[in-house]
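Starting off, we have a lone chain in the form predicted alone, written out as structure tokens.
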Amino acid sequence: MSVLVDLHLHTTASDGRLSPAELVRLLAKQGLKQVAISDHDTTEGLEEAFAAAKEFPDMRIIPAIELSTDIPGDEVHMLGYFLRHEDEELQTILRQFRAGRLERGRMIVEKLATLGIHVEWERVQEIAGEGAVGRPHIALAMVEKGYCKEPKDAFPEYLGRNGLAYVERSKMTPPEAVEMLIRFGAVPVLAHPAYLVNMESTIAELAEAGIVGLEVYYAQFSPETVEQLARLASQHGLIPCGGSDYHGLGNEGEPLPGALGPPLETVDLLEQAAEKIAAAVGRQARVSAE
């Protein structure tokens, strides 16, 4: 059965390599009908994506985002679906996040230089273009200079959390991210949970903190892992989400959009959850105003 839903996609607005319009055309070619543009710390690609999707009236783009959060010894990524992306307060917060990414990127390049890895900060910025600077942009610059064969090769030794050139940046805790997403109408979903050091305990803790969904159908997970995550989603009453996490970075074997995704009913469940969140936020606002 063909996959019709992909809820995890990136564009040049963050660290993807296709523009929003280019990605939309690829999604249409892949036969996808319900998709979420979920760039890191930005919604800047959404308007271009919405405009491009007018050519494909049977495709729906869900406004989304991916936020990085921090727990002791690990990093947790949080997706938010049906985000109220035009809210100016939200955009002010996201601009602050992107400024932190920019400073962190510059510091990583400086740290790489002390390790004998010389890439130009100006080139990293050129690769990022108008997008939010991320470690994949630095990895691409390293590939250009011949320090590694593929972008993913830069992470284990240098750019990953335990890498020699890793630099921390200010992040929220997962509960803070959940609160923020809900405040702006989004349904909070834990991204690629099998990458977590303590997966099951973290899922349980975040279910208590208010996540609504769990990324189960993640294209880079084995069938056994997907089955395990489906059981955990059911156990904790979480909506099973998923997608390709497509960046188009050129890594060998990177899954294309639509390689794996949740059933269509997942989108209905997310939309219902978003409506409940919007109603609850509206009630809270009315009470605060009284």
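No experiment lies behind these values; they were computed from the predicted model shown. Numbers for residues come from their place in the sequence shown, where the first is 1.
What follows is about the form predicted in complex with a small molecule, which we do not show.
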For the three residues His40, Arg104 and Lys152, verify that every one has a non-hydrogen atom within 4.5 Å of the small molecule in the predicted complex; reply yes or no.
yes
In the predicted complex, which of 209 to 217, 133 to 141, 90 to 98, 173 to 181 comes within 4.5 Å of the small molecule (heavy atoms)?
133 to 141
So, His247 and the small molecule: in the predicted complex, are they within 4.5 Å at any heavy atom pair?
yes
